[in-house]
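Only one chain is included here, represented as C-alpha cells and corresponding to the form predicted alone.
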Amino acid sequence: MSDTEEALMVRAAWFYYVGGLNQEQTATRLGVTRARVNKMLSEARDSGLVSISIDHQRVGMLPVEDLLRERFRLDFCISTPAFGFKEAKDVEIEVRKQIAFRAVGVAAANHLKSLLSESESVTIGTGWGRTIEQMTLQLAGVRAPHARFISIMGSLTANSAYNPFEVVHALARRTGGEGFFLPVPFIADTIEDRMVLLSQRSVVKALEIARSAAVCFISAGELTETSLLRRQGMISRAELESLRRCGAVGDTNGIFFDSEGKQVDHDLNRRTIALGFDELMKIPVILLIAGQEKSAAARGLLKSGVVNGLVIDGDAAETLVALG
C-alpha cells in the first residue's frame, strides 16, 4: 500500500468512525465511490488501523460467563455475543470461523491493552494461531516501549502471519516494545535433537524470559483434518490418527492433551519445544477460543488447571456449556 492510499484510508476511517458520516457521505467528501470506501474501511479493520472496543458486560452473556468461570475455577471469563451459528448450513464454515476469530481478537486485544496500561514494564508470553493473530491486529493506540513479548514455543514453523515469530514482532511493532522468540523448530525431529536444541545459549535465554512472563496468551487446536496443524503440514495424517488413539482431543503450543486435560503419552509430546504444563501452572494463562469446533479441545484444556482466564466467542461458549 502506497503512502497516498494509506492516507486516504486513514481519512475514510476518520470520517466514518469518528466523524459519524455514513459511507455515502464519506465517499462524497473523498471524491471516491461508495464501494471503494467500503473496501477501505474493511482494510482499515483488517490491518489494525482501526480497533473496536465493546463493553462486553452489556451484551447479555453474563450468565454463560459466570457458569464457565465457576465450572472451571477461572479468575475471569469474557464471552463475545452469540451470533446463533448452530449448524454449518447457517453460514459457510470459513465465514463463521472468521467472525469468531475477529470477535475474540477484539475482546482479547482490549484485555491486553488494559494489562499494558497497568504496568510500564511487563513480559507477555504468546502462543500462535489465527486467534492470537487477530488479537495483534486489533491492538491499536497502545504505547508500551518497556514491554517485552516472548513466544513460549518453538518459533520456526510454517511461514504465515500467525506463526510465533510474526505474532511476537507484530505485538512489538504495535506497542514499541521488544520482541523475543525461541529460535528453534516447533517440534524437533527426534528426542535427541530436542535435547541438543534446548542446550543452546540462545534457547536457554529465551526460555528464561518466557518463564518470567507476567501472563501468557494461548489458544487451543482441535485434532481434525481441517485443524491448523494438519493444514500447515506440521503433523502427518498418521501422527494425527495415533494421537487420537492415545486419547488426545486437542493441543496448545504443540502439547497434546486428552479430555481430562492430561498430556498424552505420545512421541510428539516428547519432541515439542515449548513451556510445558508444569511451567504454565506457575504463570497466569489466558486461553483464547474462537469457533464451536474447538469446544471439546477447550473443555479438555480448561480441566487441566493450567488456564486462569478465558476469552471465547458466544457460540463456542454456549457449545462448551452444553458439553458439561
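In this text, all values refer to a predicted model and were calculated from it rather than measured experimentally. Superpose the two forms; the largest set of C-alphas matching within 1.5 Å is the rigid core. We number the residues from 1 along the sequence you see.
The protein also exists as the form predicted in complex with the DNA; that form is not presented, and the subsequent description refers to it.
Note on the interface: of 22 to 30, 276 to 284, 64 to 72, 260 to 268, the segment with non-hydrogen atoms within 4.5 angstroms of the DNA in the model of the complex is 22 to 30.
Proximity of residue 47 to the DNA in the model of the complex: non-hydrogen atoms within 4.5 Å are absent; the residue sits far from the partner. Although the partner is absent here, residue 5 lies within 4.5 Å of the DNA in the model of the complex, judged by heavy atoms.
Contact check for residue 16: a non-hydrogen atom falls within 4.5 Å of the DNA in the model of the complex. Relative to the superposed core, residue 308 undergoes a C-alpha shift smaller than 2 Å between this form and the one not shown. When the rigid core is held fixed, the Cα atom of residue 28 travels 2 angstroms or more between this form and the one not shown.
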